[in-house]
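Heads up, what comes next is one protein chain in two forms, each shown on its own as structure tokens, labelled structure 1 and structure 2.
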Structure 1
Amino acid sequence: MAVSSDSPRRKHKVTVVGSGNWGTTVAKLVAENTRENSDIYEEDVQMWVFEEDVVVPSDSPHYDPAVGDKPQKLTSIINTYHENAKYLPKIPLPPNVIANPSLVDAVKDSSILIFNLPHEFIGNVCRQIKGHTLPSARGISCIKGVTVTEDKVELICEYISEALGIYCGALSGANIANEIANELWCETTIAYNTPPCDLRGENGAADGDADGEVHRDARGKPSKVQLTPVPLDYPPVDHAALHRLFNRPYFTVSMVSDVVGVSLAGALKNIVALACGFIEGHGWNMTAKTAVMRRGMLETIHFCQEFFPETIQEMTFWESAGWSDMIVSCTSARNWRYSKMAAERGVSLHEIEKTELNGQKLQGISTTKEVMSFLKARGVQDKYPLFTAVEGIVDGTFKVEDIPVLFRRQ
């Protein structure tokens, strides 16, 4: 039964937590949408920037001879020139993207938090903002990775949810940031389960029928997180509202409910992408790569079924977050490109990350380590020969030509 309410009077304030290659791209597209949907969103989008000093190169249109090679604050460059000269150069940002070096200030009063930074930094970020976010805020994680604590594997969106006491969904897909920043068309997938306490009935009123329904975690169990409902004077946060926030003519969003499939497909494909780069760098070609991609997808699905059997939906692997991301990541993304370079040059991936990436991160390196430590703690690593091979190649104990042998052991 619907409980009467006034229609929403407030607008959602949006913050993007992170400002790397993908963080800045998502801030751009979201800021375009907040401007076009200013009935429900505040136009300005806060973007938290991990502050650093950046030298603007002399061939940049923003080079100021009066400043010369003197380093400038990245936030100041972004807010002055509306360009992230370090992580997304040559892409004009809408002026309503506001770079903020203070994490606590950037999330203050925001009702929608978009987490978009390399997964290794999320723990520290959550520790800093805990207690400073609105209790009724809702999150979307665009991060591709997992957290592993002792022998537990956790989705990043669930980690955020537990750390901050808010509900958090996940966005993942076949998405190369530079292409989307240049407005070249692609698809993505957002997994979001509107919590029962946020369901609204007729006329936008709270849905009394939802009383008694419990919010469930990624394993289908009643969630330990005590959620504060989105207040009725805010527009609802549901599939329609999130579609309006993320969908662009060049960025087609599909809304689903499988946070496990979307999150884990996005995290584990980075391990497979490393394998494909090693293979190509070794001199093997597309036939070997497709064998590895097929095995990688099997191990990904097996991982989801083994550790999240209650909620995984296999159709998710046919979304952008599934096969499409596997293909693009193994043929044109950074984890593939730089593992190929490492194999060609005969140097370690860590070395390549340090010398070639200008501060960007290869998520596959830490994800491989974390996933393998979790599998080994459970004694089930032999069921995952491809993931095992990648760990061995990264740490130098296996060679690329060991991959077929490891597969045969299965």
Structure 2
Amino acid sequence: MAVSSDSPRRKHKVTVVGSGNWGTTVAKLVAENTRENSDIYEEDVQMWVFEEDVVVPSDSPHYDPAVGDKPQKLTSIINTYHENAKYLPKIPLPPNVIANPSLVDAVKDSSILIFNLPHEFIGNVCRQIKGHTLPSARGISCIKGVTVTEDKVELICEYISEALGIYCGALSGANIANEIANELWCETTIAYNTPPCDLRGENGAADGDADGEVHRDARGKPSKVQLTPVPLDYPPVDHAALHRLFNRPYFTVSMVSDVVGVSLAGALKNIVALACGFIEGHGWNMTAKTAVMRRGMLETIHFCQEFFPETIQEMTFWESAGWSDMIVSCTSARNWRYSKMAAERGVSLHEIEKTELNGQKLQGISTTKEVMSFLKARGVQDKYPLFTAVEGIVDGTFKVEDIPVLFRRQ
């Protein structure tokens, strides 16, 4: 039965799953927008926080001499002082960001879930909340990267979709959390291909023209996920609604439908960033780096076209998630910084990981290894000489100074 646009409508409840540096930043800007768009969103934004004991430093404006150095719960600090003192210090958060230590309670009754946590934790998180989310919930993954094995390439947003039985899009771009938190302008890309079951007509009723259309996966095949439509008493979840949720004067959002391009560009640029760090650490200049970036983007596009030909849209690579993110990653981000350090010191990147990263791992190394394993399993690694060279440099079987040879083989 059609529900007209005059019918009483419920508001979308929003939850951010994750509260690190980037997760808290996204919660901040989303909460600002739910207050300004309270016609379609509940104002309070739940933010799941992995509970920790935190000592408020004595130079903090929130330092309480009566508490002193006694550890306090991170959720209590956030909800009392409206600041994530550990992961985003000195950035005021809107009071409608509600820190919640219970993952299941944080997602309860939420119709929009924003996933923003290290990719290695997403599997465990999905297992915990499976069966506890609204069947009609929709998601946005802010987690860059993909899962690659010899058998397949799996987008993180599609993993979430299949694990929870919901549709999930992806956000990616040339985004640096601290800059956005300080409201320094940048842009981003959100890829969201509105499922046919969610399409609405002009009067707000279900779009009859969409009847019979099938929701398709990243390869253009009918999706294994049987979606529950967004109920008609909720506002639609589409490009317009998501733009209102994420766009800020300091955070310009571009909406596209190419989930594959946005997701893979965000992952493969890590390989190119390693190459640019090696180039700069070797002593070559910006013109050499731009040559590597150009070659890296060609291989990125070729990878997408070779393995996702049904859905990839080449114009996606001109979005913030494409060229913009690659430029930032190849000139200022972690993978570039530490591969440059390795070349300057004449040591392996694995050695830099051990001595400089305090137990953390460089995503570029794992991405390179996984992607090359996938390509070798299909015997097509020779089509990707830059990716192959990066693997060789990381493993010590290829020299940085031999990179220009790759360009003479074209």
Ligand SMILES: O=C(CO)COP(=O)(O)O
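For numbering, take structure 1's sequence and count from 1. Worth saying up front: this structure is predicted, and the values here are computed from it rather than measured. Here, rigid core means the biggest group of C-alpha atoms that superpose within 1.5 Å across both forms.
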Here the form predicted on its own is displayed as structure 2
*Relative to the superposed rigid core, does the CA atom of Asp44 travel 2 Å or more between structures 1 and 2?*
no
- Verify the C-alpha shift of Glu353 between structures 1 and 2: is it 2 Å or more after superposing the core? yes
Using the rigid core as the reference frame, would you say Phe121 shifts its C-alpha by 2 Å or more between structures 1 and 2?
no
Taking the rigid core as reference, the Cα of Cys276 travels between structures 1 and 2 a distance in Å of 3.9
